[in-house]
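Shown below, as structure tokens, is a lone chain in the form predicted on its own; questions about how it binds or moves come after it.
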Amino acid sequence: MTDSPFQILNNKTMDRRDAMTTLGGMLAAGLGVLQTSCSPLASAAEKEKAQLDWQAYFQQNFQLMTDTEKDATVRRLERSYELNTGNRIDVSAQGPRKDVLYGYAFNVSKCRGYMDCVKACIEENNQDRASGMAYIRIHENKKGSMDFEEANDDFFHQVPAAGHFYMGTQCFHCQNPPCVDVCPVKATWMEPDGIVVVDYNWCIGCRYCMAACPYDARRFNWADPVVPIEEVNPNQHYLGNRLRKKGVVEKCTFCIQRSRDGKNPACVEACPTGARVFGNLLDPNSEIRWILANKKVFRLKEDLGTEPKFWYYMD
């Protein structure tokens, strides 16, 4: 079982130069934190912060943690944020609900390209404001065309435009996710409720998952994300909208901090036309099951065998 960066280094095949570079970086970071925590000149808050950083640096993969370890991890995140900002956040480690498999349906005939879903998603999920990151993309297509390469994704005009229709894309939470298969450190996986997640503490930023995703659903932080402190959503989940860092990949999580609390994702709640439907695929009485049974639905790139849990339909 891998549970520390040193064990990753020990198990990873690499040449001597790469090994020395990796080990040197790890030791420099670790020794810097240790030096602060032991310094007689450091304040109590500085020492506590250094100790929390040290614990975070060497924490194991979230999948391998016990419930007690998960609880300690989220409490550490909360305390670190409080020490850094003076404000409080509430980080959850809530696991999947029993007998739940989440799915999503998008009514193409109802979407008008208003972008309320995009705005709500950015705010709910603490996405970087500086880079204009967005998990959701709305594609403006000419009627009769389904070629996304010809679609307009950056339209700044009155909508809906004559002769066009709109389709949203995001992470489709595939049942056979290729992004998961290629991750060399197991930093991304599919949860029992079907949500594909990322442990940001374990992501090494190789971006293999981005290359493997056929739906362009993942985003990379080239710089430290910028979220104004007054805009930070304090209701967070460890595997979801907690604040990220430079050099990691992130993506839609079906608003795991909301869905596991019995709520709809922010995009569903914000859509003014009712084009988005979210629900439990295992519940025969759910709205999404009714749509799958009574509408002519389709999925993108079905021939790839990824089995996305995201369907499109029309009235």
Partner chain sequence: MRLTLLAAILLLTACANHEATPHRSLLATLEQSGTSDGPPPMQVDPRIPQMTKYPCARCHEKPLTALKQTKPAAHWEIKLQHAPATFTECKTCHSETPTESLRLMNGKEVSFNNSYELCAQCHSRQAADWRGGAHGKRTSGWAAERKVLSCTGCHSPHQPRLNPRWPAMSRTHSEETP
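Positions refer to the first chain, counted from 1. Worth saying up front: this structure is predicted, and the values here are computed from it rather than measured.
The same protein also exists as the form predicted together with the partner chain; that form is not shown, yet it is the one meant from here on.
Exactly one listed residue, out of 76, 207, 164, 97, brings a non-hydrogen atom to within 4.5 Å of the partner chain in the predicted complex: 97. The partner is absent here; in the predicted complex, the one residue of 93, 212, 115, 183 having a heavy atom within 4.5 Å of the partner chain is 115. Annotated contact segment (heavy atom within 4.5 Å of the partner chain in the predicted complex): 129 to 137, selected among 223 to 231, 129 to 137, 241 to 249, 198 to 206. Using a 4.5 Å cutoff between non-hydrogen atoms, residue 281 counts as a contact of the partner chain in the predicted complex.
The partner chain in the predicted complex is not approached by residue 42, whose heavy atoms all lie more than 4.5 angstroms from it. Taking non-hydrogen atoms only, residue 72 never approaches the partner chain to within 4.5 angstroms in the predicted complex. Taking the partner from the other structure, the partner chain in the predicted complex has no heavy atom within 4.5 Å of any heavy atom of residue 59. Taking a 4.5 Å heavy atom cutoff to the partner chain in the predicted complex, the contacting residues in 131 to 164 are 132, 137, 153, 154, 155, 156, 157, 158, 159, 160.
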